[in-house]
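Here you get one chain, nothing else, as structure tokens; it is the form predicted alone.
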């Protein structure tokens, strides 16, 4: 099992949306490095820290589980979607997505500022300069620490 952190803007799709929907596809990733992880590395059963970004208080807010491995992101073929890409076709898809299922909403979100004060998280990619990816792997130690913080 691997562990991941997925970023989302809560005004676009937040933890409450996933809690309501129970399961959803993680679409719209338009970065090749993140696409490769969605296509090749993220597996069914992997666990995900659900992270709210680009908001007043960025924070890890819950846990999800990958329930379907990477498959072509069909939103790229839809000109009415929020993130179409005419270069991506059904015959030659450029972009991929996975499906995730809601597991837990944190009682107390683990804020970015709080994370910066915890030595166990000091080497987590989220806290490194220049990290702009919308998803990336984290260690089991990071995952467990975030879950513990969120459960307090």
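Residue numbers count along the first chain shown, from 1. Bear in mind that the values here come from a model prediction, so they are computed numbers and not experimental data.
FYI, the form predicted in complex with the DNA isn't displayed, but the following is about it.
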item: In the predicted bound form, segment of 65 to 73, 111 to 119, 39 to 47, 97 to 105 with a heavy atom within 4.5 Å of the DNA; value: 111 to 119
item: Residue 26 within 4.5 Å of the DNA in the predicted bound form, heavy atoms; value: no
item: The DNA contact in the predicted bound form: residue 93, any heavy atom under 4.5 Å; value: no
item: Touches the DNA in the predicted bound form: residue 22 (any heavy atom, 4.5 Å); value: no
item: is_contact(residue 131, the DNA) in the predicted bound form, heavy atom dist at most 4.5 Å; value: yes
item: Within 4.5 Å of the DNA in the predicted bound form, all of 31, 54 and 58 (non-hydrogen atom); value: yes
